[in-house]
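Below sits a lone chain in structure tokens, taken as the form predicted alone.
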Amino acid sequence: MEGAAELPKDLLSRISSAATEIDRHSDIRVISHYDADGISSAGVICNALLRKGKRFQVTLVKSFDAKVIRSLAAEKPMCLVLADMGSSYLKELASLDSSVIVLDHHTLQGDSEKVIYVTPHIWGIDGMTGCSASAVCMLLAAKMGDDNWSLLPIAFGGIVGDRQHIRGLSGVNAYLLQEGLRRNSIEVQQGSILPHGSLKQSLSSSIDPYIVGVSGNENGAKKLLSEVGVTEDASLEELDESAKRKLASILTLMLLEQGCSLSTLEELTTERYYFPEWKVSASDLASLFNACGRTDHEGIGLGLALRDQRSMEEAAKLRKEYKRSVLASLQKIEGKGLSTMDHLQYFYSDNPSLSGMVCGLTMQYLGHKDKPTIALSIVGESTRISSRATFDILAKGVDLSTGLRDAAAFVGGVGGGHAIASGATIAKGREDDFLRKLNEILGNQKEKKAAIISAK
């Protein structure tokens, strides 16, 4: 790979070892996560395997745990590739009678002599902001064949799906952008707070941003357009520059009045990445992958990554349904409000598939800006938990990865992820104990950071 010197040599050496190991086997077992980054990771890997003439079986899962490992132990695949998961189970994976490759970007959990473990954290690259799992998979695919650089749109679907672009690309992600620009396969475009297409429809169905009084409210959208002086059936493309500036200004003021932070507004106008050959943007791919995964249609998402036309059409339908469901959940939270503790805010969700997305949007547009948002969903005898923070909250010392891990362990559950976004699973009925413990942990984290700052 040209330009590879910009990445740590040991990282590229580990990638090379993974490619060599895959080349040794004719049958590959692939396990990946079900969210946008997980689906795009699987998409990159499976495309690369197809081009190598490899046979493979792929499964997209909601979580990777001891139960999945036991299943794999019984299955005994010759070569197992895990994407967007596996870092917390290196010891157990090493005990499998299989060749194991882990392509992840979550919190570093040591290293392994047996497992070929690739995570950016080993080489000092932040996996929360500088390298998605799909970016790791893209490095592997590129090593497997230079023609695999055409898979870059899929990888960027995961980068944007994990919101790693909102403060500018860095680390491995920036390297991939550089390579895409060098190959003329990617265009960088300026983002905008303004929605494309029919303004009334786009504004009234908007979830990112979620605009109080407009999102989910056609009359509110009509009123807003009237203030700008345009007809309700107008599209963005029909507006002159003066009207566009006025609409953008009004939207900005409305979001500020409902409590949005300046950093959130900046994120709405961050750079966007467009792929001319695919005629699609990374954000569009991310939203399609996300909709497929969160509606339990991961297979359609993978089909989309494999450029199956029927899957593309089905994914577009799923995105419309998913967006309506998310909008309804946000309206419910807007009306009911959030429950609060000293160091966190939380709500219960009756749809676990939506919890992560709704949690993040609530954090950005509806919640207190100084408290992480926690979403809890009861599923059978378990409760699934999603959490989101902001970079401003992280600056105060909060780390949701360790917070949810330790609070979940306190009640006999498991948890982890990134400092800014993490998840956990606990037994039903232990929610209050979990929340109290997490509130205590977050408070201690902030106190520790404040003490460090005051000591300087």
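For every residue, the number given is its place in the sequence shown, counted from 1. Keep in mind that this is a model prediction, so the values were computed, not measured.
Omitted from view is the form predicted in complex with cytidine-5'-monophosphate, to which the following refers.
- Partner proximity in the model of the complex, defined as non-hydrogen atoms within 4.5 angstroms of cytidine-5'-monophosphate, places exactly one of 417 to 425, 24 to 32, 65 to 73, 43 to 51 at the interface: 417 to 425.
- Contact check for Pro120: no non-hydrogen atom falls within 4.5 Å of cytidine-5'-monophosphate in the model of the complex.
- cytidine-5'-monophosphate in the model of the complex is approached by His106, whose closest heavy atom lies within 4.5 angstroms of it.
- Contact between Gly356 and cytidine-5'-monophosphate in the model of the complex is found at the 4.5 Å heavy atom cutoff.
- Among heavy atoms of Gln364, none comes within 4.5 Å of cytidine-5'-monophosphate in the model of the complex.
- For the options Ser329, Ser287, Ser386, Asn173, the one in contact with cytidine-5'-monophosphate in the model of the complex, meaning a heavy atom within 4.5 Å, is Ser386.
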